[in-house]
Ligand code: SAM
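Only one chain comes next, encoded as structure tokens, the form predicted alone.
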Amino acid sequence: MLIDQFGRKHTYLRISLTDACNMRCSYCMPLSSYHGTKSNKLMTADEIFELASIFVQNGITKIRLTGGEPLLRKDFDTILKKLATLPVNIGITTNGLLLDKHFENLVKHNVKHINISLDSLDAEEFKRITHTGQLEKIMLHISHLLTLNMIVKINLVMLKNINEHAIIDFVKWTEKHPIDVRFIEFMPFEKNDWNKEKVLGYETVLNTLAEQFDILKIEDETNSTSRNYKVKGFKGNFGFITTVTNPFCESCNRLRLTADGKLRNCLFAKNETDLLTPLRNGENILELIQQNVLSKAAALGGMNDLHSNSDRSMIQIGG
């Protein structure tokens, strides 16, 4: 098991496949011009499988493929096929645009958990936030996922004075659809123009929703990052990822592998460990992983207060 100095067992690995994306959301990608990592600096399909195998052999039971947009990888199906041979639960976080090209393989390799990043149900507002259109296409893909009995979670980053009014629309969406909407507090990353005044805290939103809906608290899963609720009688539910106002670090079981092969033990970690270079040099990777896990801070990467990271944007770390 990969256990840190505070006794937290790490069973969940998020692997970023690319830091490229076909959207440009300001909370994720730097506002200035951004150029992705060159292909020879990215992990290959074989390297992803080799590193993932080491993690699985040491207690990882769940892998989530992220990005950037993971479905932009031309060898995505190859990566998925390889990882599906491991005794692990595989999920994907995607913006949903390219899902129609992969439905068959997702079913074939028993992928059940799909997270869709979606910050508005209004086409014009969606276009302003993402700098792209095609909301209708994404909605059709979500509908098809539900017909395939996929577990669909919708990730919405709450942006004060931008999309906060959309929160009610998303809760109403759960009335007739078995989806799980997670409202995520705006988090600080390199050059995403974050400050606390722009954060829409979960308690404020929950109180507003309680004025309109009959809300029930539901049980949170073990190691859940989300505080979960539902409206009485609705098919779906919703929750809040409260990284800024009420962190959940004490139960964290997550590790992150960036697209260029760096291991991060926290979103806000000040240090990361290069695994790709030593892997290519035939060195002992497990020892490096263990050292990284043992160095994990108690909370928020060791910061006393959140502030903008200086080293990585969200798209470089992996969603």
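In this text the structure is predicted, and so the values were computed from the model without any measurement. The numbering used is simple: start at 1 and walk along the sequence shown.
Although not depicted, the form predicted together with this ligand is the subject of the following passage.
| query | Are all three of Leu2, Thr61 and Asn253 close to this ligand in the predicted complex, meaning a heavy atom of each within 4.5 Å? | reply | Checked in the predicted complex: no contact with this ligand for any of the three.
| task | Counting non-hydrogen atoms within 4.5 angstroms of this ligand in the predicted complex, say which of Thr174, Ser120, Asn155, Thr225 makes the cut. | result | Exactly one listed residue reaches within 4.5 Å, namely Asn155.
| request: Have a look at 212-220, 230-238, 162-170, 91-99 and name the one stretch with heavy atoms inside 4.5 Å of this ligand in the predicted complex. | output: Selected stretch: 91-99.
| query | Could you tell me if Cys28 has a non-hydrogen atom within 4.5 Å of this ligand in the predicted complex? | reply | Result yes; Cys28 sits at the interface with this ligand in the predicted complex.
| said: Taking this ligand as it sits in the predicted complex, is Phe186 near enough to touch it, meaning that at least one heavy atom pair lies within 4.5 angstroms? | reply: It does: once this ligand is placed as it appears in the predicted complex, Phe186 has a heavy atom within 4.5 Å of it.
| query | Could you tell me if Gly261 has a non-hydrogen atom within 4.5 Å of this ligand in the predicted complex? | reply | Residue-level check for Gly261: no, no contact with this ligand.
| query | So in the predicted complex, does Asn265 come within 4.5 Å of this ligand, heavy atom to heavy atom? | reply | No, Asn265 sits far enough from this ligand in the predicted complex that none of its heavy atoms falls within 4.5 Å.
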